[in-house]
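Listed next as C-alpha cells is one chain, alone, in the form predicted on its own.
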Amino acid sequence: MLQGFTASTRPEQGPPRLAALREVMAQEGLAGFLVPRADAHQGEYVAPRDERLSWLTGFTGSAGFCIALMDRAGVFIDGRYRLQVRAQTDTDVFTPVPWPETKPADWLRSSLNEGIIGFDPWLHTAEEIARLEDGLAGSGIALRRVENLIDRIWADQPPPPQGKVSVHPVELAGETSAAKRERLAQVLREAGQGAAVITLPDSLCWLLNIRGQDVARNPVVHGFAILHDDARLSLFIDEGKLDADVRAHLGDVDIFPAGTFGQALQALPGPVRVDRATAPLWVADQLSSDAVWGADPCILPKARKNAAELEGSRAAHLHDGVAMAEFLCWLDAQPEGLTEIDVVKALEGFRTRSNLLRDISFETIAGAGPNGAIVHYRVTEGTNRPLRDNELLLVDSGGQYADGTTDITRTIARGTPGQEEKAAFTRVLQGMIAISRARFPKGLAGRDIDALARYSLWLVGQDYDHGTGHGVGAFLSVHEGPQRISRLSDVPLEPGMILSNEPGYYREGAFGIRIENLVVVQDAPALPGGDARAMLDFETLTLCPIDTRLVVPDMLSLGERAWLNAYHARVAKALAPHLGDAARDWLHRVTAPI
C-alpha cells in the first residue's frame, strides 16, 4: 500500500510540546515564536523532518502556521481546514484563527503589548517577513532571527531526506536542460542580472530534467542552485543522492555539497535575482545589498507546458481514467459494508494494475457522508466511516505517472440521494461546466473567471471556501504555481498552463460535494462574427464519468446539457477500448445522454 491509515498526531501531544517550546522561548527572551508549515524550500508538501507545525499542534493540513505566545497560541488556517483543525488540535491551548481574514500582525497587536517574536529565517520568505514587519510598525512588537526552537526540543526529529535522484527523459520533458538554462540565462542578461538563485524543488527538477524522492507524493529533490548569466549552473545537494547515470546526465553542471551554499552566495558578484515570494529570507541575508527582487525564472516557463509535456499529460489522464472507470464500476457493484479505508485501498489497487503508476499524487480523500464536508479529509483508523445508503461519497485522488500528474474528484451517490443534495450537486456541476466552456480574452487572470464557477451557488446564497483551481505540474507537484483560478490570483492565464477545475459545496455535519477535472489553457479558435481579439479557452484533460444520478436535468440549460453529453461521449470513446467487459458495459450505461 502507498497510503497508510495511522494518525500521525494526537491532540493530547500538543500541550506538553507547547510548554517545552515556551521554556526555550523564555530562555531566549522571546515573547513569541513563529512556527510555519513551510520548509527551507517553501514547498507545500514537506518531508517528515520539516513537519514542525503538525508536531507542535497536531494539525496536519498543507497550509497554515502557529504563533506561539506565552499565554496563547494561535493556529492560522484558511477555509479548507476550519473543521480539520478543531478535530486535530487541543483547542484548550491552541486557538484556531481564520486566515487570511485575520492578519497575523493584527492578531499579535491584539494579543501582546510589547515583546520580541522569534522566527527562523530559513522558513520564511522576505515578502512574508516584510509584510509582518509593516503590520507591526509603531507597536512595541519586533521580530528577531533565531535558530529554530522546535528543532531544539524535538528529540526524535527525523533526519533530512536522502531520496535518490533520477533522470527525466527529454522525450517527456520536451526540451534539454542545457536549452532551458540558455533560455533563462538570456533573460538574466537582458535584465542585467549576473545570476539567479533557485530554491523551489520543482523549479530545480524542471530546470535540470531530473526527479527525486525527498517528499512523499511529489517527485522532487531537495537542493539549491545558482543559475549564472552565461548559463552555467551551480548545484548544491547532498551528493549521495546522485548516481553515475544522473551525474552523466547533469554533464557540465557544477556540483557542490549542500553545506557550501551560503559561502557561494556570499561570494557572488551582484546583482543576483532572488524571489522574495518563494526564497527563504536567509538567502537574501547572505547576499546583502547584492540581492535584487525578481520572480524565480523557472516558474512561468515551467507552468507553460510544451507539446511533449501536454501529450504526456493526456496519456497520463488516459491511464488514470481507465483506473477510475474500473474503480467506479466496482464501487457501484458493492453491497453495504464498505468503509472509507476499503475505498482508498480499492482505488489504489486499480491504479497500480497498469504498472505505470509511480506514486499517488497526494493522500486520497474518501469522505463518506459528513466526512465529505472536511475539504482535505484524510481517513485514519480512528475516523474510518462506513458507506451508508442514501449518503454521498466524495473521492478526491490522483496519480503520479512518468508522463504526467493527475488530480480528480468525483462525488458519488450511494442509494437514493436526497433532493437537497441533488440540487447542490447540480449547481456545483453548473459551475464546473461554466469554467470548462469559458472563452476569455488573453491577459485575464484566474481571479477574472473564478466567479463563473460560483454563480449558480451564489444565486441561492451558497459558496465554498477554497479556490476553484490550482496549477498542476508535469510529473511534478500536484499543486503548482503561479497559475490559479482564485479570487486572489492576478497571474494571467497562458496557453499550456494546466489547472484544476473544482468547485464544491459543503454542509457541515451532513455532506460534501466537489467535482474536479484538470484543464489546460489553449488558444481559442476564431468565431464567425467575432472581433479580431485573441481569446483563450480550455481543453479538458480528465476522462471519467460524472455521476448523473445526482443531476437534476431540468436545472441545466441546453448548453450545459449539451456539454455534459458531449463530455460523456468523449469519455466513453476514449476509455471503452481499454476496459474489461463489466466496466465497458457499466461505462456505456453511465455515459448515456441525459
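Note that residue numbering begins at 1 and tracks the sequence as displayed. If you're wondering where the values come from, they're calculated on a predicted model, not measured in any experiment.
The same protein has a further form, the form predicted in complex with another copy of the chain, not shown here; the description that follows concerns it.
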Listed range touching another copy of the chain, judged in the predicted bound form by heavy atoms within 4.5 Å, from 278-286, 73-81, 132-140, 430-438: 430-438
Would G29 show up as a contact with another copy of the chain in the predicted bound form if we use heavy atoms at 4.5 Å? no
Does any part of A566 reach within 4.5 Å of another copy of the chain in the predicted bound form? Heavy atoms only, please. no
If we define contact as a non-hydrogen atom of the residue within 4.5 angstroms of the partner, is I449 a contact of another copy of the chain in the predicted bound form? yes
Can you tell me if I341 lies within 4.5 angstroms of another copy of the chain in the predicted bound form, counting non-hydrogen atoms only? no
Would you mind picking the one in V460, A267, A333, A307 that has a heavy atom within 4.5 Å of another copy of the chain in the predicted bound form? V460
Taking heavy atoms and a 4.5 Å limit, what residues of 523-539 are near another copy of the chain in the predicted bound form? L527, G529, G530, D531, R533, M535
